[in-house]
Every structure is written in C-alpha cells, then in structure tokens.
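One chain follows as structure tokens, the form predicted on its own.
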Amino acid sequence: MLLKIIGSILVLITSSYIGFKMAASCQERPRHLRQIISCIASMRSYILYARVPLHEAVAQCTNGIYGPVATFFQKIATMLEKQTILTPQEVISKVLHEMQGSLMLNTPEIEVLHVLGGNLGHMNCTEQEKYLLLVIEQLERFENEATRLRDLNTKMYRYLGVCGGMAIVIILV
C-alpha cells in the first residue's frame, strides 16, 4: 500500500512537472521574439545613425537584454570580429545551430534570421534600413501569433499535466 502511494505521488509530480515545463517554454517564445525585435531595431539604429561596423552594432544592440537572446547576439558579434572568413549568414547559421535548445524559436523565425544574415552588410544604408524594417515587421507578426498561442495553451498544458497524472494514478491504483 505504501509503495502505491509513493508511486502515485511520483507519477503526479512527474506529470505536473512536464505540464509546467511545457507551459514555461510556451511563455518564453514571445519574450524571445520581443527581445530579438528589440535587438534588430537597436542594430538598425547603430548601422544607420552611428555608422559603426557590423560586429560592433551587433555587440551593442544587446544592451539591456539578458538571457539566451543576448548570448545569441554576443556570440554573433564575437564570431564576426574574430572569424573574418565567415559571412554573416554563415555566422548566424552556426550560432543558431549551437543554441538550438536554448532559443525558443520555430522554423519560420529561424528562416527569417538566416535570411537576415544573408542580407546584412551586402546593401547600402537605405536598402539595409528597409530590409531591417521588413524583418522587424515579420518578427512582430510571429510574436503576435506566439502571444496568442501562449494565452491559449499555457493553462491547458498545466491542467493537462496535473489531470493527466491524476488519470494515470487512478488507472494504476
């Protein structure tokens, strides 16, 4: 009897943990997108108005940003400064591959960042400004969709974790 109670508690704790973990990842995606948009807008200002080199613009755009997004842009800046052989697109691809689990981005957002890297540094300032505004607009649409999904799914994942654990306990006992 004691083993059943301990096993039931462990199943309930594990399923609740999984549900809360999924809810947390659902909450992180809009925040990461918002931070990336902020960094790109800041990078746009550094490129257009301060006329700093790309690696300095990428390094300075993370001021006030923390977590995986700041690490992402700092790694890009470091690689752009140290490895001049790689293009910005190759650097962004490499850093995205390295940070695959820590950034909560879906495939469309990752593709936008790949394309952003392909166009950074290859245009004049006017075209660069238009392109960065286009990227910001695309990412804002993804952020709005992620916010909508967060509002819909966060409570569901939590309740599903707890209720799923209770259902398993009832079936097993």
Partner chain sequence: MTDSKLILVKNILEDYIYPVLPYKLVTMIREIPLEKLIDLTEIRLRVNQPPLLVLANTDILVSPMGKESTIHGKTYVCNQDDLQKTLQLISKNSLYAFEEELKMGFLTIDGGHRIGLTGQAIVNAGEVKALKHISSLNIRLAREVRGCADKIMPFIITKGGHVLNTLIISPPRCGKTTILRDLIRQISGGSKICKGLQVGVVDERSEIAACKNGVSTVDLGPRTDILDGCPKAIGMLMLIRSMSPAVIATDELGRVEDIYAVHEALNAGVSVLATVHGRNNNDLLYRPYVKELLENKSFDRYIILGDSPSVGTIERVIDSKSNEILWDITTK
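Everything numeric here is computed off the predicted structure, so don't read it as measured data. Positions refer to the first chain, counted from 1.
Below, we turn to the form predicted in complex with its partner chain, even though it does not appear here.
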4.5 Å heavy atom contact, residue 121 to its partner chain in the predicted bound form: yes
4.5 Å heavy atom contact, residue 84 to its partner chain in the predicted bound form: yes
Non-hydrogen atom contact residue 59 with its partner chain in the predicted bound form at 4.5 angstroms: no
Any non-hydrogen atom of residue 80 within 4.5 angstroms of its partner chain in the predicted bound form: yes
Joint contact, 47, 52 and 88 to its partner chain in the predicted bound form, by non-hydrogen atom at 4.5 Å: yes
One residue of 134, 125, 41, 115 in contact with its partner chain, assessed in the predicted bound form (non-hydrogen atom, 4.5 angstroms): 125
Option from 65 to 73, 143 to 151, 125 to 133, 28 to 36 whose residues, in the predicted bound form, bring a heavy atom within 4.5 Å of its partner chain: 125 to 133
